[in-house]
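Quick setup: one chain, the form predicted on its own, written in structure tokens, and binding and motion questions come after.
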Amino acid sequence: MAPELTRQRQADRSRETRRKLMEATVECLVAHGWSGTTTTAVAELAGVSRGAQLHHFRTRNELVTAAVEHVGAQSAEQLLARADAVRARPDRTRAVVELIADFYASPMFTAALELWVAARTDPDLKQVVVALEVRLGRECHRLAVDLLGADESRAGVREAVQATLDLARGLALANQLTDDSRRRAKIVRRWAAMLDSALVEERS
């Protein structure tokens, strides 16, 4: 077998192992929380050896932050994939707000929440998580602006977009202990109507 082909196959296997570990980490965080998400438990769930896990991620902090960032990036890609359909809807603003609310109500948010709580009392983890939060927050804001067709040069528009993201995150938090979907849907509809009033002038 040619050396180049061998290296390519090794690289493919390495990427697949990392993917399995990161997806297993998020699954473990959602099911068992921070305390139950050990590197041993993740390796077992991912179906990889402990040695392979340590090769890619030396510590639990490295593993968990990489996993949340990975799933966050995937979720953002999924939002982008639905962008054209959302923009084409006559009730565009409502469609976007619903999409954002669903995004935050996903398992990714639950996993990230476990990470944030742990980071509150762990200085090393906090430093990494704050940087991760800044990156994901900027990307979510950029996507929301794009989906809404918002002009942030107008007074108050940037704040309205950010309020939408903050509202969606708060609603997702309320959904952690009980199913809050019915109440969330009502609030999302009402907020979308208010947001649309703020944006309709700039689109005309």
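Keep in mind that this is a model prediction, so the values were computed, not measured. From 1 onward, residues are counted along the sequence shown.
The following text describes the form predicted in complex with a further copy of the same chain, which does not appear among the structures shown.
If you check a further copy of the same chain in the predicted bound form, you find a heavy atom from every one of Ala163, Lys186 and Met194 within 4.5 Å. At a distance threshold of 4.5 angstroms between non-hydrogen atoms, Val117 is in contact with a further copy of the same chain in the predicted bound form. In the predicted bound form, none of the heavy atoms of Glu98 sits within 4.5 Å of a heavy atom of a further copy of the same chain. Remark: Thr40 does not count among the residues lining a further copy of the same chain in the predicted bound form, judged by a heavy atom distance of 4.5 Å or less. a further copy of the same chain is not shown here, but in the predicted bound form it comes within 4.5 Å of a heavy atom of Gly33. Think of it this way: in the predicted bound form, a further copy of the same chain has a heavy atom of just one of Ala105, Leu113, Leu79, Val86 within 4.5 Å, and the residue is Leu113. Comment: a further copy of the same chain is not present in this chain, but in the predicted bound form one of Ala46, Leu167, Ala52, Ala66 has a heavy atom within 4.5 Å of it, namely Leu167. Contact with a further copy of the same chain, judged by heavy atoms within 4.5 Å in the predicted bound form, is confined among 142-150, 173-181, 66-74, 53-61 to 173-181. Scanning 115-149 for heavy atoms within 4.5 Å of a further copy of the same chain in the predicted bound form gives Trp116, Val117, Ala119, Arg120, Thr121, Lys126, Val129, Val130, Glu133 in sequence order.
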